[in-house]
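Let's start with one chain on its own, the form predicted alone, as structure tokens.
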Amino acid sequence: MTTLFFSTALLPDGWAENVRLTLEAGRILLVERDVLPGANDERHAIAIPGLCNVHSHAFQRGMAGLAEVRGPANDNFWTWREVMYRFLDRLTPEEVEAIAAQAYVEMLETGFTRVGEFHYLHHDSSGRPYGNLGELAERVAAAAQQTGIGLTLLPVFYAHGNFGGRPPVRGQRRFLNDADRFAKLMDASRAAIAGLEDAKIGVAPHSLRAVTPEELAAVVPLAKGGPVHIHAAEQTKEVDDCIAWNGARPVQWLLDHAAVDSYWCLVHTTHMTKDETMRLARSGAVAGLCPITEANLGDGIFPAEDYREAGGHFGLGTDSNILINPAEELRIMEYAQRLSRRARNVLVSAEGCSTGRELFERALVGGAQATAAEGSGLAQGGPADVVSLDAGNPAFLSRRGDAVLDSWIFAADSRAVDCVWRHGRKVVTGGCHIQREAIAERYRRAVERVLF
């Protein structure tokens, strides 16, 4: 049993003062307000709940910054993808694990306590399955085990190179499965996470580019009640190609032909019509938004204001992991709206409301939904996933209540997080993961082997 005392904490019904959290067996056993610190309490200043990262490709952390050289005249997502294919061709299972562990350390250090790993790297560099079909799923699970992050594993079904079942390209060979082998891969993936505390599993048909309608219908049931994630409408070319294939846009097609509901997470959905935006909001699904990656790739701007007004749910993802920081994701999400509308405090529901508080709480709830996390927020009986902010950080001086979240999102640097407890275990202290040095050294060796 662990007892933590905070001068202030964000609880489900708002900020409270002098809060003691009692943690036991990975859960919050008791929440006490307006109490004095006890002799055995570990004392901190500010507590907020940990966030769930709904969309990560962990291995891409190792190539961050390598695609920032100007390519052809029309440099875009599709030219970036060629750099990614060349990088992943060199990865061994050991390197996949080392890079994933580094990414997960950085997630925990910045306030993410669970990751939805959209895991599509399955086979060896020639495209042949490993003798153990779940080899790379086990490597992802090992990285989660080493770091302590909560894992929602989302094995990806990928079979084609473009809409209409087009043949895949060479760079996709490590991703490919038919429906029968993918079912076996799902079994292997379930076995891979069996030893992890509170791990979850879902299924991720990659996109309508990579999955035919018949295959989509075959693989979605393999989630067995878990989440279903799919890329949709990230780029304009994808939308145009989808229309050329069947006359419908990607989100429109999914809403018309798949049973999209609260178990689904549609990732990016950058390019939607107003009707699609309203329908997605009404479906109960989560929009998986990755503002840093979407900005880096030049994807476009999600219609966040219309989606908010329609009551849509969203969660945050780090996608390519070029920079890992949930506060930065929320900052860019809001700033993109401000730039496009030439206005301020766009994504907030009413006058007098805090933009930071509203963005944070919506990301908290949507992220938990999309990753099948057991509850969200610092509540009795809920998961003991707690983040303390460093009250000594200049951004937090003389801040109270919602001003703390506003300052974390819009004014703090990357060192704002002090400590993190994940499933009741302290994994970050003084801003650093408890295994940072060892994991960073393995990461260094892995990247040197891949790049030099």
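Keep in mind that what you see is a predicted model, and the values were worked out from it rather than measured. Numbers for residues come from their place in the sequence shown, where the first is 1.
The discussion below concerns the form predicted together with a small molecule, not included here.
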query: 4.5 angstroms heavy atom contact with the small molecule in the model of the complex for Asp319; finding: yes
query: Gln60: touches the small molecule in the model of the complex, heavy atom cutoff 4.5 angstroms; finding: yes
query: Contact flag, Ala179 vs the small molecule in the model of the complex, heavy atom cut 4.5 Å; finding: no
query: Partner contact for Tyr120 in the model of the complex: the small molecule, 4.5 angstroms, heavy atom; finding: yes
query: The single option of Leu330, Leu151, Val260, Leu297 touching the small molecule in the model of the complex, heavy atom within 4.5 Å; finding: Leu297
query: Partner-contacting position among Trp253, Tyr335, Trp245, Tyr85 - heavy atom within 4.5 Å of the small molecule in the model of the complex; finding: Tyr85
query: In the model of the complex, segment of 75-83, 368-376, 220-228, 94-102 with a heavy atom within 4.5 Å of the small molecule; finding: 75-83
